[in-house]
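Just one chain follows, in the form predicted alone, and it is written as structure tokens.
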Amino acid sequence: MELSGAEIFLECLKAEKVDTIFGYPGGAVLFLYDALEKAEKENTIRHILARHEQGAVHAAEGYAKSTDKPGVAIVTSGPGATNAVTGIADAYMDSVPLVVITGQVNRDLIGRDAFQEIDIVGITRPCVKHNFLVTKLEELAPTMKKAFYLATSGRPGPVLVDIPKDLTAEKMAKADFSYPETITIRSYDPTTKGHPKQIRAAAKLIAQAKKPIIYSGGGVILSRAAEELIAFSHELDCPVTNTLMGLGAYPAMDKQFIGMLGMHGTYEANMAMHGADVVIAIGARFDDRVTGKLSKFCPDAKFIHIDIDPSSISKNVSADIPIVGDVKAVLPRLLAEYCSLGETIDANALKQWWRQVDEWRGQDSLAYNQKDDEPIMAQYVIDTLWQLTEGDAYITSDVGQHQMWAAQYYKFNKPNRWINSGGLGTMGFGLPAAMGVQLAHPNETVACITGDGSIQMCIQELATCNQYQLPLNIINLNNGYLGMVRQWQEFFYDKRYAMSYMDALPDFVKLAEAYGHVGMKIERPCDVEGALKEALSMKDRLVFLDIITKPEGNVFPMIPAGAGQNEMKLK
């Protein structure tokens, strides 16, 4: 008995309990696809045929972000691999666990400019956690084991495995094949527990705080530490803010939650960060969209920074007390240490701090006024969607104004429900990501909030949705502009709207119908709730809602470029 490289590849996937793989076939991966077809017939692994390699990787991201499993994608060599790079880079920026398989030309042709040859290992080196080129059949199984281990451990991320075509046809004796149960990599050993002295120092600093704030990010969700964050926050009884990627890690309806912080965060969150004396950063990375101008950021604060990735600590903001470790492991130990001190945050100081935070809350920075005789406001659409779904839907988004409005007005009470492109800001992410989410959660409500610019980036995936009968709700907030570009042009470029107006939009209703779906066009505020109710009631159909919104609507609050957190534009 012999096994081909393709069959060994399949056995590796089975050993990793992969049940869904996204991809697009091509010459260099045909042996792999031949093996995958056998797996589909056996009902062991389901392959989802995307319509573009970028869509395949984004779908794998959506699958991974909404589950505790890594996403898996497979593409062919050359343009198949380069088309996947955007999705890989997106996963790298947002720490999404992915294993991406690329086909490569035969080993004897590598470096000879063969048909559809590209050095994808070299191209992706800056935007993967690690990558491999497999050159020996006996290395395939150990490499696949390493790929899944690297993708899912420590700070998660994408790992690429490049497999030459001739290797997938080569055979070895079945008796010689075994899949490693465990793997060790000498140069890779993530720290998870956190140093006891640093944890004790952090507990003491927290006890001395008078104006503390908890600033939590996507690392809490990746660590599956929402319950630990809630327990820790309730004990401290201080304000809690989430980053864009951290929404849902702390319940939005909890009285301690003061909203998202950053460029389009709430007034109270940004002002509380600016005024805090101790910032407890948990699984967050102090990116520029959070900090604004670094020299103005949290001028009176000391920083405790908890993160599993040591390279993230003190990269942008120097940590007074750095703690390298897994949030899920560190938070209970920090809480226990704090409770054992015999001293806690001064109650009177904390009461005064909450009084100030509540005064900032009184600004109601997310207030809007939807009038019946005026154009539809995007804020109203998302607010209505939140009420109709009771905050329990899975929400994906593309990138732009609609993304910020979704983050502001859909109140997430659970982790893994908010699926968006944060670090890379990838237009076209929303629809394929929603496919991955729906495939992972077939009985759940999944809505993609998008815009007339973003949706056209990967709109061909509507065909994939038809093929696999995915009952998504696509909410296209159509304002006729590249909205965020137009907003910046209004504020900072003297209203010179250079190339940001979409002058030839398709009829989205007819386009949705052409792909085999239901299309609706909504132009009046009074029709929004009814249309959303009707769409949500169609449990077996994809519904595309083309909602014509106010063209000149802007996202507020906004921290202008170069400004501090206390220098927000509120209108």
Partner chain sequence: MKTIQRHTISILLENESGALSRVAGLFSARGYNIESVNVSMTNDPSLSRMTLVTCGDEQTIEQIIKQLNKLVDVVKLMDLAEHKHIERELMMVKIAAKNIEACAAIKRIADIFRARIIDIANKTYTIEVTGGQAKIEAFLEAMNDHGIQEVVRSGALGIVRGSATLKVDEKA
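Positions refer to the first chain, counted from 1. Since the model is a prediction, treat every value here as computed from it, not as a measurement.
The protein also exists as the form predicted in complex with its partner chain; that form is not presented, and the subsequent description refers to it.
Proximity to its partner chain in the predicted bound form, defined as a heavy atom within 4.5 Å, holds among F257, Y338, W360, Y92 only for Y92.
The contact residue chosen from E117, D309, D452, E170 relative to its partner chain in the predicted bound form is D309, the criterion being a non-hydrogen atom within 4.5 angstroms.
Contact check for K204: every heavy atom lies farther than 4.5 Å from its partner chain in the predicted bound form. In the predicted bound form, its partner chain stays beyond 4.5 Å of every heavy atom belonging to T291. Contact check for R155: a heavy atom falls within 4.5 Å of its partner chain in the predicted bound form.
Within this chain, N131 lines the site of its partner chain in the predicted bound form, having a heavy atom no more than 4.5 Å away. Heavy atoms within 4.5 Å of its partner chain in the predicted bound form are found in one stretch of 453-461, 186-194, 351-359, 226-234, which is 186-194. Proximity of K17, K38 and L137 to its partner chain in the predicted bound form is absent: no residue of the three has a non-hydrogen atom within 4.5 angstroms. Contact annotation for 313-327: residues with any non-hydrogen atom within 4.5 angstroms of its partner chain in the predicted bound form are I313, S314, K315, listed in sequence order.
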